[in-house]
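Below you'll find only one chain, the form predicted alone, shown as structure tokens.
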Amino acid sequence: MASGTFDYLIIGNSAGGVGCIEGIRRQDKKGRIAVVSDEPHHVYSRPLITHLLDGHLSGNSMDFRPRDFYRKTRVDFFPGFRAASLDADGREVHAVPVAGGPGKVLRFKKLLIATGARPFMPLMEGLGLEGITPMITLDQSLRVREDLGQVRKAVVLGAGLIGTKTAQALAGRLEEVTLVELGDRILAPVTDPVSSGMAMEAFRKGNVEIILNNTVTAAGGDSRGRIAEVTLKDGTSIPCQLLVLAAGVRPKAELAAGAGVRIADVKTGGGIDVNTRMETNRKGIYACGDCAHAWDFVTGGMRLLPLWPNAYIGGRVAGLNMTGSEYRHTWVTNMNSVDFFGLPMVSAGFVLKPEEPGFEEIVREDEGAYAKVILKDDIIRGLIMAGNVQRAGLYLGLMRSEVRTTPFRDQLLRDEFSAADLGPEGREEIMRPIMEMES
């Protein structure tokens, strides 16, 4: 069994892993780095995989960093290897090839766990039929794209960001696309009822049928073993040749848990428990991204934030700290920017006003546009914009820097509002870095 010893070992080859590599190399030009990934690919931009379905991108366009990234950063890359076990005390990882063959023992001084998340698989009959798939990896997207020639109708289960982006991508390629959501509105985690209604209208104009307060309970197949229809909870039958499962994800934390790394309470979503340095309870072992918690500056607590920028920044902070620096990851919250059939939308922080005392909201509704800010003590704690998102960056800067809006709160949602209204101190505040360094 082959082995190697590394100063830094990274499990996971996505945004968090890249951030960690770049953080390490900023401080340590010579330390030996290894990356283990159960996927066989060069690092790619996971949020873009649905664009492979609508024909706007090719496989190579997915690269998150140039193809010579590992060589230039002097990284030993082990694609197609799954980290099967972690010995935190012995400082080693046993990695096995996904396709079979001899494994490797990789020893480390510092470790980053960036294993991401796995799709939630609902309990339903017929789950093993061909044509039923999640949509969170490059291979899954490529398989669906190759398969579209025999698909006329598709059902997407789950109307979060993954489900809605998938439905939009398929709508331009297929006769019928149906989006099924268990809740009472689409995009519930990132919208309020008004902005969700605007998104629903955009989807219907884009030829996507939406079914709310329902779910898929069974799938039926044809003589070839391919999906031919789904049955909903209310008994409705929908013909389809493709079912995309997008009903949420769960953090992949089993590897860490098996090595005595503390896992957060299930009430907060589970995931690996870390501090703001991204270090776990096991010294020298760090975690970031969809498998780990992060500090939400809006809610004032640690929680799961499965966002691409959060993964990258968390990995970069971890990498810097692995070299002996002292950085904190404290400027993240739930932030999303999307465009559905020509309707741009941005949201951040609270999207619904909390029931706690002291929260208030300012709303503006125009034809085809909607904006809302949620304030507490005149500090922005939540934001939604739909239709017109021109000043979203300014609001996000105010929110992240916790600038008190008292001097200009009456101007916040007016067309004339700009950075000039903030004054010199306000403008300086919104330029603060997104990573804090301890003095």
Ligand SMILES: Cc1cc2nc3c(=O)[nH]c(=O)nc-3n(C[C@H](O)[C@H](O)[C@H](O)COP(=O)(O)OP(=O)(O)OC[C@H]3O[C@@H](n4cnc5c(N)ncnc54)[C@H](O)[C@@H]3O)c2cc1C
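Since the model is a prediction, treat every value here as computed from it, not as a measurement. Position 1 is the first residue in the sequence shown; the rest follow in order.
The form predicted together with the ligand is left out here; the points below concern that form.
- In the predicted complex, the ligand lies farther than 4.5 Å from every heavy atom of His293.
- At the 4.5 Å threshold, heavy atoms of Asp28 stay clear of the ligand in the predicted complex, well away from it.
- Contact check for Phe203: no non-hydrogen atom falls within 4.5 Å of the ligand in the predicted complex.
- Residue contact with the ligand in the predicted complex: Lys376 places no heavy atom within 4.5 Å of it.
- Residues within 4.5 angstroms of the ligand in the predicted complex, judged by any non-hydrogen atom, belong to 29-37 and to none of the other stretches in 29-37, 389-397, 376-384, 409-417.
- Judged against the ligand in the predicted complex with a 4.5 angstroms heavy atom cut-off, the residues Ile24, Phe108 and Gly284 are out of contact without exception.
- With the partner omitted here, the residue from Ile210, Val332, Ala83, Ala219 that has a non-hydrogen atom within 4.5 angstroms of the ligand in the predicted complex is Ala83.
- For the candidate set Ala114, Ile272, Val156, Ala318, a heavy atom within 4.5 Å of the ligand in the predicted complex is found for exactly one residue, namely Ala114.
- Taking a 4.5 Å heavy atom cutoff to the ligand in the predicted complex, the contacting residues in 303-330 are Pro306, Leu307, Trp308, Pro309, Ala311.
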